[in-house]
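Structure 1 and structure 2 below are the same protein chain in two forms, each given by itself as C-alpha cells.
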Structure 1
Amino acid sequence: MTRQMFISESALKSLAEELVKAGTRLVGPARERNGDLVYREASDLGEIELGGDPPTRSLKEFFLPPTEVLLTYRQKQGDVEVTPAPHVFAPLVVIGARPCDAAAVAAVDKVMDWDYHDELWFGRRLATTIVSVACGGGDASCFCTAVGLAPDSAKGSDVLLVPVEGGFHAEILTEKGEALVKAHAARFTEGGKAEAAKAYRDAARGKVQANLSADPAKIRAFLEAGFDHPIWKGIALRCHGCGACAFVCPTCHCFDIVDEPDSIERGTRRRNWDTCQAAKFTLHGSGHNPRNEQNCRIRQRMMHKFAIYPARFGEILCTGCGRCIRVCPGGMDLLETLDKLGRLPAGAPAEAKRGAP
C-alpha cells in the first residue's frame, strides 16, 4: 500500500542539500542560459523548477544517452580483446520529474527487457530514484489523460509529490522511495495531506482532459485495419522527416550501432539515437527500402505507438507530453491526428479522402 507523508518546501531543500553533500547526483528541470527548461544536474534545489510545463527534452537521455560507448576492442595477434562499457553507475536522484516523463521510463523498461536485457539501461535505472511532482495540467499540447495517464500519474515514480500549501503531499511508491525517505526521515512527517492535494489533482486532470478526449481502443482498431488507408499520404504532407519528434519523445528508443576505428588495431563500438522517420532508417543493403516514402514512415510511427507496442506489451508508447507538437517545424499536431483517427471507422477509406487531419 502506498505510504502517505508530508514534506515542507524547506525540508525538501534540505533533503536536496544532503544528497549533494553525500555525493549523490541531483537532477531536475532547470533553466539554461537561453531560457530553455531542461533536465540537468543541479547543485541545489534552488536551480530546479518543480512545476510548470514539461522541459524541452525528456528524462530519456539520462537512461539512453544520445550517444554512448558499448565496448572497446583491440586486435591482438589474430584475436580480438573486447572490453564492455561499465554498467554500474553512481547514485542519482531526480527531483521534479514530470509524471509523463517518469511514466515513459517505465514504458521503455519493457522493450529494454524483452528479447535482450539492456545492461546499460537497467544499470542507470537501478542507480536512479525518481521523485516526481504532479503537474498543474501543462499547456494546450498536453494530452496525458487520453493515453491512460494523468498529471498526477504515479507510474514510473518512486515518490510522487503533490503541491499543497507550505509543501507537498508525498506518496511513497516503491522500495527505492522508501529507502530515500528512510535516509532522510527527519524531513518527512507521517500522514500526508491527501484532502488538500485533491483539489490540485482534480483541476489538473480537468485541464488536460479538455485538450483531447479520445478512445485509444478505437484508434488502435483503425490502425490495425487501416494500413493502406489513403489518410497517411495526407498526414505526411506536413512532415519534413527531420526526426525532431522522435528525439524529444520520452518513449522513442530507436538507435543504431556503429564501430568507430581509432587505429588499425583499436576501436570503439557506439550506440547512437536514430529515428524511424529518417529516410535511410530501413534502407537495406540491397538498396530496397520498405518505407521509401514519408507517409510509410509516419504510419509506422503511429502504428508502433498506438497498435504494435500495445499488442506486445499492453500499453501505449506515448505519454501525451506534447513535445512532438511543440517542436515540429511542419506544424504536425498529434492531438489533431489522434482526434481524427479516433473518429474514423476502421476499414472505411472513403472517410479519409477529405485530407489530412
Structure 2
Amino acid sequence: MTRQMFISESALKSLAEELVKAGTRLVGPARERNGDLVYREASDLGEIELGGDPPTRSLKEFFLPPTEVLLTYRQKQGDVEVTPAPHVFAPLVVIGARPCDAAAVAAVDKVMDWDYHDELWFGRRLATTIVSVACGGGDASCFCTAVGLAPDSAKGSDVLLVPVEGGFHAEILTEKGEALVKAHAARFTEGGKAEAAKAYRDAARGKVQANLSADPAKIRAFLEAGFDHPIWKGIALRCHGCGACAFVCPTCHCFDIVDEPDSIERGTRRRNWDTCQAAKFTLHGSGHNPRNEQNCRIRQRMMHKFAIYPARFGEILCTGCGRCIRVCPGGMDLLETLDKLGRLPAGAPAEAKRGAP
C-alpha cells in the first residue's frame, strides 16, 4: 500500500544534504554550462531543477551508459586472463526524475531480465533510488497520456512527489522508497496533501492530453498487419539515419559489443549504444542487408516500440517523452506519425505487395 506523506521544500533540501554527506551520489536535472538541462550529479539540491523543461537526455545513461566496460583482458603468448567488470555499484539517489523517465527504466527492466539477468543493468538499478517529481505537463512534443502513462505516473519511481503549496505531497511506492523515508524520517510528516495535489495533477494531464489522443491498441493492430502498407514507402524521406532519436530515447536499449585493445597485451571489451536506425546495424558478413533502406529501419523502430515489445513484454516501449521529436535534424515527428497511423485501418490495402518496402 502506498504511504502518503508531506515534505517541505526546505526539508527536501536537508534530505539531499544528508545524502551527500553520507557519500550517496545525488543526481537530478541540472544545467550544463551551455545551458542544457541534463540529469547529472549534483552536490546540492539548489543545482537541481524540480519541474520545468524536460531534460534533453534521459535517465537511461545511469543504467546503460553510452559506453560501458564488460570485461578487461590481458594476454601473453596465447594465454588470456579475463576480469569481468564488477556489478556492485555505489548508492545513488535521483531527485527530480521525470515520471516518464522512471517509467522507461521499468519498461527496459523486462528485456534485461528476459531469461538472462543482466547483472550490470540490475546492479545499477539495485543501487539507485528514484524520487520523481510529477511533471506540470511538458511541452508540445509530449504525449505520455497517449501511451498509457501520465505526467504523474508512479511507474518505475520509488517515491513520487507532487508539488503543492510549500513543498510536496509524497507517495512512498516501494521498499526502496520506504528505506529512504526511514533514513530521513525527520524530514517527512505523516499524511499527504492529496487534495491539494489533485488540482496540479489534473491540470497537467489535461495539458498533455491536448497534444495527442491516439489509441495504442489500434496502432499496434495496424503495425501487426500493416508491414506492407504503402505508408512505409515514404515514411523516412526526412530521416538521415543519424540515430539521434534512439540515443536520446529513454527506452531504446540496442547496443554493440566491441573490443578496444590498449596494446597487444591488454584491452577492454565494451558495450556501446547502437541503433536500429544505422545502416550497418543488420549488415551480414556476406554483404546482404535485410533492412537495406531507411524506410525499413523506421518501420522497425515503430514496430519494436508499439507492437513487438508490447506483444513480448506487455509494455509499450515509448513513454511519450517527446525527445526524439525535439532532437531530430530532419523534423521526423513521432507524435504526428502516431496520429496518422492511429487513423489508418488495420491491415494492408489489397494492392500492396510483400517485400516492397
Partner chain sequence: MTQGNLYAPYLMRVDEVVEETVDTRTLKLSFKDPEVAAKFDFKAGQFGEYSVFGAGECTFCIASAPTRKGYIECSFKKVGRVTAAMRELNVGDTMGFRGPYGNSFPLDKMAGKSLVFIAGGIGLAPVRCVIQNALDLRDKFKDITIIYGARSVGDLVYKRELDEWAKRPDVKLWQTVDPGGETKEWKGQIGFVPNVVEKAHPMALNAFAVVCGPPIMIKFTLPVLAKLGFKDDAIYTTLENRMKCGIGKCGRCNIGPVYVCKDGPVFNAAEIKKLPPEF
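We call the rigid core the largest set of C-alpha positions that still match within 1.5 Å between the two forms. Counting starts at 1 and follows the sequence of structure 1. All of these numbers come straight from a predicted model, not from anything done at the bench.
Of the two forms shown, the one predicted on its own is structure 1, not structure 2. Once the cores line up, the CA of D215 ends up less than 2 angstroms apart between structure 1 and structure 2. In the core-superposed comparison between structure 1 and structure 2, the C-alpha atom of V88 has shifted by less than 2 angstroms. Once both forms are fitted on their rigid core, the CA atom of D262 lies 2 Å or more apart between structure 1 and structure 2.
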